[in-house]
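One chain is shown next in structure tokens, namely the form predicted alone.
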């Protein structure tokens, strides 16, 4: 779940957003190209019926005993007890391990939990990740929390997991629900956190549903070409002509920009607002549209990243293949981009350098410069993007420039394990569902085959980014209905085993 406006180096350090080229295109999770007015329309007026907002006094540093470590901040969480069977019945607690952004955004796009709560009589809890949304350390001031590397140093996945563990245990204690089993859920980065939580805190969570969690996208375990290869295949599977038009367009944009008044031609062709326009910025804007359309290539209309029709990749290729545009490449590309950026038809022009951040995702640039070194920006010769090799040095230089720090690309596999995961994890791991849709470019770094009987991979050929966690609709295809039914069955087995073990332990 999640992603940056123009990808590229701006995904690592926003200071680089004006120097974008398509030759080094590292997509990150967070994305802020949804305009505030779109955000307001996407946040349902039924919000208060979905959950209640609460706060927990959280410790700043779980792993040190320096005086500053004992500082606290208010961590937000959302709770829904409408269907909870209560502590007397040891009814389960379903916890969403929050992503890199406002927790309400994720709660409102995780309908699977709300729809299964009545069946399981579950309490729902969505915990916001530290340094995002309203969960801001250092007096609740984002400006202070993001001010330098010393304050941002408390933003990490391990601190976040410890936050979740601390909050869950305290909440269960206050509810006198210490024997209620906990199942954690998450999508994208949140899915990674869910899987890692089950591995690190098995005494707290009995199982985890990790949807579209690219936990193998580190330390050269997954090819850096995988991400763009999948996007290319998504578009090429819809239309060979669509693929060819996109592939040749990058050079056409460069050639046009180099001509006298070429930038004005680009501005007019793509309806760019009367501000900055450049070949690199335009290419990044188009790359973003293709990338996120592939990620959210859902079988039904959605409003997660932007208002989109069902199967947006197919619709973008239809626009490119439209015979009405003849051989006018830019008109074809504009039609495709319009599907993604302006499906509602409200926009009169487009801003290539839009630094608005309605979901509060800015902290991801720090995480992408410290431990979240996701290898995604290589492009092969047959890619729809310009051919390029992954360069770790580019990441190092931008992170030194932005934060005066150097990334630690091996830390995540060291802390959580990833190398030889199919051989290693079955020796000590259990009760994790790894869902991946193969149209999702992040699926290349996901677990795509079963590791053991309880470490299960569910793979959907037509699936996109954490589509299984979305609210269901009457138009959902049979394969998606089957995926969710399978997940419910597996979770039911976990809980049945837990209750069986709980009953046995009462005899001792």
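Residue numbers count along the first chain shown, from 1. Owing to the predicted nature of the structure, the values given are computational and were not obtained by experimental measurement.
Keep in mind the form predicted together with a further copy of the same chain is missing from the figure; the text below concerns it.
No member of the trio 248, 383 and 461 reaches a further copy of the same chain in the predicted bound form with any non-hydrogen atom inside 4.5 Å. The contact residue chosen from 229, 302, 156, 108 relative to a further copy of the same chain in the predicted bound form is 156, the criterion being a non-hydrogen atom within 4.5 angstroms.
Interface residue among 429, 360, 280, 378 relative to a further copy of the same chain in the predicted bound form, by the heavy atom within 4.5 Å criterion: 429. At a distance threshold of 4.5 angstroms between non-hydrogen atoms, residue 449 is in contact with a further copy of the same chain in the predicted bound form. Using a 4.5 Å cutoff between non-hydrogen atoms, residue 417 counts as a contact of a further copy of the same chain in the predicted bound form. At a distance threshold of 4.5 angstroms between non-hydrogen atoms, residue 422 is in contact with a further copy of the same chain in the predicted bound form. Proximity of residue 457 to a further copy of the same chain in the predicted bound form falls outside the 4.5 Å heavy atom cutoff.
Heavy atoms within 4.5 Å of a further copy of the same chain in the predicted bound form belong, among the stretches 195-203, 257-265, 231-239, 120-128, to residues of 195-203.
Residues are counted as partner-facing when one of their heavy atoms sits within 4.5 Å of a further copy of the same chain in the predicted bound form; in 163-186 these are 165, 166, 169, 179, in sequence order.
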